[in-house]
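Shown below, as structure tokens, is a lone chain in the form predicted alone; questions about how it binds or moves come after it.
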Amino acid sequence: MRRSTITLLLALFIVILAVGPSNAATERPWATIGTGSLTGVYYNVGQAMKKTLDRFPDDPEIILSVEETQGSIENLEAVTSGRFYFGIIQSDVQYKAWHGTNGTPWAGRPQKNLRAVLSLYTEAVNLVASRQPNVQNLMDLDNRRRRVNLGELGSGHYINATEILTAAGIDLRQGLAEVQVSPVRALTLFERRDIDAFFFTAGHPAAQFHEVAGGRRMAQFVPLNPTDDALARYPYYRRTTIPIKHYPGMGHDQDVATIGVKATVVASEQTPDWMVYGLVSTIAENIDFFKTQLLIFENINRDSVLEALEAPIHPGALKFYREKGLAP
């Protein structure tokens, strides 16, 4: 009996030893980041961040959990409520949430626990139009015969499109035949000639524009080049260009001027400083590896991570930026 008891205790001790390291592994800090749909760019960006953190672990090592979400608005709400440590959101959403901008979900209740972490890549506001009828500039849309998709009501595409049209002085009630469908649906409608043009906010290169460039209907990008006064109404936009090298089928001989927002990473005031520092330092110090994972990262550099951060920078991120002379 005694021998069997000893045998049982030894077996139990061996099990504890076997389980012990696994339990220790699970005690390493987890950091959840909200991204987007499984087929979307934000989810792939989150995976690229995770792969970088896994390959170049900091001390303490951060295990990034990449969560599928509905995008910027859900990510922001999840971060400010404490459900996620990090989230990927557009810079215009960051601006509006921090300021409590009217006409937004945060009107009258600015999200003062929101903190900026780093900027990733530019998301251009793209306007694609058929070459027949000819649309050379934004004002050519000021015609009730022009059927233009602005995106689903309330989406980032829709908000960007309406702000740009408003800045140009186009009355949405009178100036065009407005369509409100998703960008994916818009591609089908455009190919079937059911719409003449569509807005689509996306980083470049984007597979959707490759599809349009290779389609049967001749298409082109329409320049979006608002005046400085018009752009000042929306301080979160930045001037950028559409790199035509990716879309030879669109018929342009030079890059097309447009404006855009930034895809940014945010946290809350409660996200631990060491966790933010670890994420930022790992991405920034290994930026060359990070950039190899997605083509949309091609213009990222260590300095660009500070662009278009509309909320106060998180202390953990600011510590790294000051160490590298990137921030005062």
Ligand code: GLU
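Bear in mind the structure is a predicted one, so any value in this text is a computation, not a measurement. Counting begins at 1, following the sequence as shown.
Here the subject shifts to the form predicted in complex with this ligand, a form of this protein not shown in this document.
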Which listed residue (Val41, Met275, Ile287, Val66) meets the criterion of a heavy atom within 4.5 Å of this ligand in the model of the complex?
Val41
Name the residue from Gln270, Thr292, Asn299, Ser37 that puts a heavy atom within 4.5 Å of this ligand in the model of the complex.
Ser37
Trp98: touches this ligand in the model of the complex, heavy atom cutoff 4.5 angstroms:
no
Does this ligand come within 4.5 Å of any heavy atom of Phe221 in the model of the complex?
no
So, Thr240 and this ligand: in the model of the complex, are they within 4.5 Å at any heavy atom pair?
no
Partner proximity in the model of the complex: Asp196 to this ligand, non-hydrogen atom cutoff 4.5 Å:
no
Look at the stretches 276-284, 50-58, 299-307, 66-74 and give the one with heavy atoms within 4.5 Å of this ligand in the model of the complex.
66-74
Give, in sequence order, every residue of 73-92 that has a heavy atom within 4.5 Å of this ligand in the model of the complex, or say none if there are no such residues.
Gln90
